[in-house]
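A lone chain, given as structure tokens: the form predicted alone.
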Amino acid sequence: MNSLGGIRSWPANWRSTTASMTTTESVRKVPQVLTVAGSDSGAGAGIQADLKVCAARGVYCASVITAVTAQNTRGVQSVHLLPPEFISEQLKSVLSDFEFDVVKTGMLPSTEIVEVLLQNLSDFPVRALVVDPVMVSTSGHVLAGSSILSIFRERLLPIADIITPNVKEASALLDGFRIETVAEMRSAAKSLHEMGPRFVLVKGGDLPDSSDSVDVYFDGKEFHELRSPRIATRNTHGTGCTLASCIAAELAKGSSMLSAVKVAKRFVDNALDYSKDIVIGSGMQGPFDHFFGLKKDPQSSRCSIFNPDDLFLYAVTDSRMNKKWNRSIVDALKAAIEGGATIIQLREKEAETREFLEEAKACIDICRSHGVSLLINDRIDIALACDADGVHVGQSDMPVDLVRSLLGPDKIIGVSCKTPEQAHQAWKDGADYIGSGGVFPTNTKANNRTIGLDGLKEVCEASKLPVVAIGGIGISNAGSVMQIDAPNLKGVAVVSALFDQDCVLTQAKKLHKTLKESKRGI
């Protein structure tokens, strides 16, 4: 199965039955996921969890049921496998009708069922396959026998885009390889990758003697350790299903694999934290609330997921400059966006909180109408109050991991970094991008140490995150910044070059043109 990096084409006639009913202009593509898994009568895991998490992430999810279980918060009492022929009928029914972006598999309890799935995926190709190799429930009940290990290794894993085993499942797939440390998780991820999947995520929730929840992600070249504080709660039923389904949902929306994995881990962490004290059922392992986001922020209207390319022309507002040129923040913002600004940071150092909040709300409306993300500089309270798309913080501000816990999994978080060490820490703490500089001297920040182009390149080379350069950048030197030969340098952030000018619109157009020409010349 070829996907994400080289997406498999849909069958030539897949849209023929609907072409006469719609036009290209009238169609709004809805991200769609198909889950192929078992039913959980307690609704905490399996098909039920998959449907809930996809709904919570704004993705349509259809289902094919492989088995029906009798289970509750006390455990699994019984499992009834559905006939392979009927599972095939379910698959044919939905695959021949819907436009699935991603198929996610959960409980596949027999070799015959795996064969049926493989045949139908061959007949109806999809863009990506997420395999959660469910074998044993957290309560210890065996959900898939050892007989299917060989077909998993030889037939299913080689066509998977990502597999998401926990340490027990990874051990089973590797003939009992012991996994008790992060180093052994890395070795397991590498060995599993050699079986064919494009990406591997080994989940460390069951890792003994670990104060953190550590997952190891491997893309065939690099390892990434995704860490978060372990949450003390009995309500952990369905975490594996939820993580895999969230990855599938984010892929269906267009995220890169690593971004999808990071969002999924944040989603699970936030759901666990929000639900840690709820009581459902009388057993030792309860479910958690997949719809916590609706209760925390029912009016959220975020424009889109974070795209690193949005850092291309990053406009940072300055109220003093707007006063100098006698224009409102809204007018300045609108002109910058119309001139080509791709993301906005609202920076306000002088206004009172109430005034800043009113400005932010007005700016949010402008940005949303243009599909441009708006970040708030430093002020987490303002970002929460106006439902901004995210925040940008400095080294002396609130730590990124704490910011993430307050804002949740969906918001964009940027952090200022001058050194490779700071860039590495930003990645570990869960930032989405870093702003590096000042590259050149600037009047907007007093006593701001410059790092120059060499320092910028050093930070870029050390960073696993996309980078935007900032500090003294304008039309005269933006080209030299973009030509430092760093693939993760995505753009430049400007203040004076835009807002300390007679015409913001004209300057934004000139800057955008300069950056495009520089990018073509690389």
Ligand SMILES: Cc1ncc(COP(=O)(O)OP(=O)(O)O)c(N)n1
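Since the model is a prediction, treat every value here as computed from it, not as a measurement. Sequential numbering from 1, following the sequence displayed. Rigid core: the largest C-alpha set superposing within 1.5 Å between the two forms.
One more form of this protein, predicted in complex with this ligand, exists but is not displayed; see below.
For the three residues S228, R266 and A426, a heavy atom within 4.5 Å of this ligand turns up in the model of the complex in no case. Mapping the unseen interface onto this chain, K104 falls outside it, with no heavy atom inside 4.5 Å of this ligand in the model of the complex. Contact annotation for R178: none of its heavy atoms lies within 4.5 Å of this ligand in the model of the complex. Although the partner is absent here, D273 is not a contact residue: none of its heavy atoms lies within 4.5 angstroms of this ligand in the model of the complex. Using a 4.5 angstroms limit between non-hydrogen atoms, G204 is distant from this ligand in the model of the complex. Heavy atoms within 4.5 Å of this ligand in the model of the complex belong, among the stretches 183 to 191, 109 to 117, 370 to 378, 220 to 228, to residues of 370 to 378. Checking V134, V393, A431, V261 against this ligand in the model of the complex, a heavy atom within 4.5 Å turns up for just one residue: V393. Between this ligand and the residues T242, Q71, N235, Q345, the one pair within 4.5 Å by heavy atoms in the model of the complex involves Q345. Annotation for 479 to 494: the only interface residue with this ligand in the model of the complex is A493 [heavy atom within 4.5 Å]. Once the rigid core is overlaid between the shown form and the other one, S245 does not reach a Cα shift of 2 Å, moving by less than that. Comparing the forms between the shown form and the other one, the C-alpha position of S436 differs by 2 angstroms or more, with the core used for superposition. Once you line up the core between the shown form and the other one, the Cα of R320 ends up 2 Å or more from where it was.
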